[in-house]
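Given as structure tokens, the chain that follows is alone and in the form predicted on its own.
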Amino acid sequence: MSVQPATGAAGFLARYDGLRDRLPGDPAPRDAAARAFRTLGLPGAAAGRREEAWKYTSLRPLADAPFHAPLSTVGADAAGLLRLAPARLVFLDGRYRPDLSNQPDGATFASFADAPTFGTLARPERDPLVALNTMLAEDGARIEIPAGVDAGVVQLASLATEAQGRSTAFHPRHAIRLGAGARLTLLETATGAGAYLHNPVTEIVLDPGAVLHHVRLADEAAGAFHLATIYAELAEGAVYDGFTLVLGARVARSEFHVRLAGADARAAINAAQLLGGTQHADVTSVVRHDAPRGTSRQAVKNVLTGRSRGVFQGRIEVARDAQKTDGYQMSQALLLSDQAEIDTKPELEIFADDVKCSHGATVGALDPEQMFYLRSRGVPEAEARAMLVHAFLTDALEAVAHEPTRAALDAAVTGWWERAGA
């Protein structure tokens, strides 16, 4: 008689108990994370328990699925891997694949499996998915750019393979550090096949004057869960310029914790979510201004069809000493179905008195006058809708400075629209 594996938090804890002595690094932070995860559980999975940060996103579907170890082998097929940059670091089912990778010049790289140290930014004691990652992280990328070096474009690629009917889970632990005045464009792509959980945690440290352009493309399989948490700390004059495009996954969440620790730091957290069917995607951000003259921008656009649901939760925190802060957030949604839903929750917490902070939100459908204009000039309905949706997304994509990456994102949007048949 076969025994069904435990599911939900109990299943992950059982897996940790079985793997504890084989996981890389000091077990002490993992044990602490396991204790936290035992208390926190999976958000929304327990009846009657509510967590404000997960108000609009429940992980009950994740709790109901049994997860196993990935089945990939050294010779696993990597067809379908997006190769957008000559320098690339490839992780197959969460494990580093040097045979598929091409390490970047001007950067120091080590895999987490070989250098298993946890950073200081993540908060597993309060973030359940970070606790889960800390418990079970086996590999990841550790990238360091020396001071004054422009490392160009580096692709960090995650590929999940078909697991023959078995749901798999992997928890990459990434760390990025840019020295003073260093520059990097990091293109992070996530694709796959089958049902799986991709639960990465990334810690980013930018020294004074460093500039990181961080472009993320989450085009996971239809049955996947993509739950990413990004922490970033910016020193004086540092710039974090982030853009996330979410197309795939059954449930996706991109959670950002960005701290402007030095004066004149700048952060952008922009995103676009294109959802159909019963997809659910969530962008949640907390931007903390702890120093004067910081600037932050958050802009999230959603295109929703079918019975999909988009979420944007954006929070700006301004400390007492962070005078001359300029913070702004905007949520815009285009609903292409009467059954689609958007939830927006902006928050401002301001203790300084000389600041400029604002937020806004818009929700609407395609403009019937614009549709009539295009149709009256012989444009077929499907093509007219595609043109208007693309126009809605244009300014979001134009925020991506690297032209080949922007072209790849544009092609991904076109491919999504053709698959969605909206």
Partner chain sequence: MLEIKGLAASVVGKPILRGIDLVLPSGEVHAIMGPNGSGKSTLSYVLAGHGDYEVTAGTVTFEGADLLAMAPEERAAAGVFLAFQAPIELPGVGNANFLRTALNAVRRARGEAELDAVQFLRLAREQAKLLAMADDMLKRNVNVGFSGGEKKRNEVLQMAILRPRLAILDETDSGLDIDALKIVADGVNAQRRPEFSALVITHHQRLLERLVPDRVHVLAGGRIVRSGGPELARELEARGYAALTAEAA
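On a predicted model such as this, the values are computed, not experimentally measured, just so you know. Residue numbers count along the first chain shown, from 1.
Omitted here: the form predicted together with its partner chain. The next part is about that form.
- The partner is absent here, but in the model of the complex a heavy atom of Gln370, alone among Ser358, Thr362, Gln370, Thr39, sits within 4.5 Å of its partner chain.
- A heavy atom within 4.5 Å of its partner chain in the model of the complex is found for exactly one of Leu374, Leu59, Leu397, Ala34: Leu374.
- The candidate stretches are 376-384, 51-59, 24-32, 349-357, and the one lying within 4.5 Å of its partner chain in the model of the complex by heavy atoms is 376-384.
- In the model of the complex, its partner chain sits beyond 4.5 Å of every heavy atom of Leu366.
- For the partner-free chain shown, nothing in 212-235 comes within 4.5 angstroms of its partner chain in the model of the complex, judged by any non-hydrogen atom.
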